[in-house]
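This document opens with one chain alone, in structure tokens, the form predicted alone.
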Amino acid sequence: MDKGDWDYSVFWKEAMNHIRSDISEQEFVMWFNNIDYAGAKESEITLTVPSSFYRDQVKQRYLPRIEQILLDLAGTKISLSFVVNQQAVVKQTSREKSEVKKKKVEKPPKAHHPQLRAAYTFNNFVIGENNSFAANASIAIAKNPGKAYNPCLIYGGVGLGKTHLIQSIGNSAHTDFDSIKIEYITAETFTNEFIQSIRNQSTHKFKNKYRTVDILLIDDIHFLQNKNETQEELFHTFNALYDANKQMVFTCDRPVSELKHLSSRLRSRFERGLNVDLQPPSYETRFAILRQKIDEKEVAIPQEVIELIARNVTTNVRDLESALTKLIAYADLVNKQITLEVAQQLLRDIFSNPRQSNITIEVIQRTVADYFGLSHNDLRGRKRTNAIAFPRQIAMFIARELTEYSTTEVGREFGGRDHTTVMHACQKIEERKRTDPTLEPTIQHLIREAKEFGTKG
């Protein structure tokens, strides 16, 4: 057999079927969706991977298992070789080459969508257990807009990737579909444009702009609370697009059920479709995110430094990027290599930040709110009824006990209250503990619950 005629693609596909059945779908998507069969020669399969990190992780985690499966299937030992970033010269048939050339001639690259950031794509969104449902739903939406998961609401805390996902949907659809009309906008800008259209007596232009799109992407809908006229306009826009089978995707910083100042009929529209959440990334996902960022920036950072950051920065992707940027800036400015000792010194303030503890103020708020039958947004809101004010004071007191936040920082997390309000709350709880023997056991119970919640997170 000629050296160029070896074809193990059937064995490779079957090996992937075996691997898929052995591991979770999230794990398979994370490590195998970006690996492609590139060709083969006698007793060897060549694979392309997007980065050296993927290569090293797959070799470390799965190589013996894959090679054993291939041996069982083929009856002969087949080894694997990896090419990073598809830079190897892979054999193509004349037909394949002509098809590629034809595609390039017939379909030149589309211009970048002016409202979307080119960096926000599915290719550079690291999928882990915390976000796989939302990520895979977003990919499905981009492939079949208006046909699956419509509408879709993606919710989660700051820096977890909501904007990345919603803009990836837009970028993917913009690339794959000709003559598709996509509008991406934040809820704040949507509100401001609507107000301006009323002032200019041009509401008909505003309605036409948003009710004739194929895909409408609106970021941060929590901003719409208390904006009654804007909510009314979005309600009618929603109905027009839904009736026309046009895709809508929204993001929010919390479940829509916790948006207190939102009309019930608009809330019901958001809840009509798919609601998916983003959780803080696990250690493995944090490590993968850091490796990908390092590969993109083409910098040399030792593995022990990556592990150090992944262990100590537990909040969100934005904070991971901030820590990495600080190290890279230091290396560039002082022209020194990044070592474990340098990283520990440079990032000590980030690592000691109370936000890097799993026992965050939000964890405390949710724990206390659940105990008293409230939502954690009740504790952050403006209502001062005793049914809310007392639990709020307890939450503030516990926040001061369990975290290193200042009274000013605690107040900011409770709806922007000033530090004197927090000090007063703590004082009131101390006084009440002296006269109410049931309060101290209640507080200790809530502290244990918050710690247990934080450990799970």
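All figures in this text were calculated on a predicted structure; none of them were measured in a lab. Residue numbers run from 1 along the displayed sequence.
Although not depicted, the form predicted in complex with ligand ADP is the subject of the following passage.
- Though ligand ADP is absent from this view, in the model of the complex it lies within 4.5 Å of a heavy atom of just one residue from Lys143, Arg265, Lys326, Arg318, which is Arg318.
- Taking Ala118, Val334, Ala111, Val158 one by one, only a single residue has any non-hydrogen atom within 4.5 Å of ligand ADP in the model of the complex, and it is Val158.
- Taking the partner from the other structure, ligand ADP in the model of the complex has no heavy atom within 4.5 Å of any heavy atom of Asn239.
- Ligand ADP in the model of the complex comes within 4.5 Å of a heavy atom belonging to Val126.
- Mapping the unseen interface onto this chain, His164 counts among the residues with a heavy atom inside 4.5 Å of ligand ADP in the model of the complex.
- The shortest heavy atom separation between Asn131 and ligand ADP in the model of the complex is within 4.5 Å.
- Here the chain stands alone, but in the model of the complex its contact with ligand ADP, taken as any heavy atom within 4.5 Å, falls in 286 to 294 among 286 to 294, 361 to 369, 383 to 391, 204 to 212.
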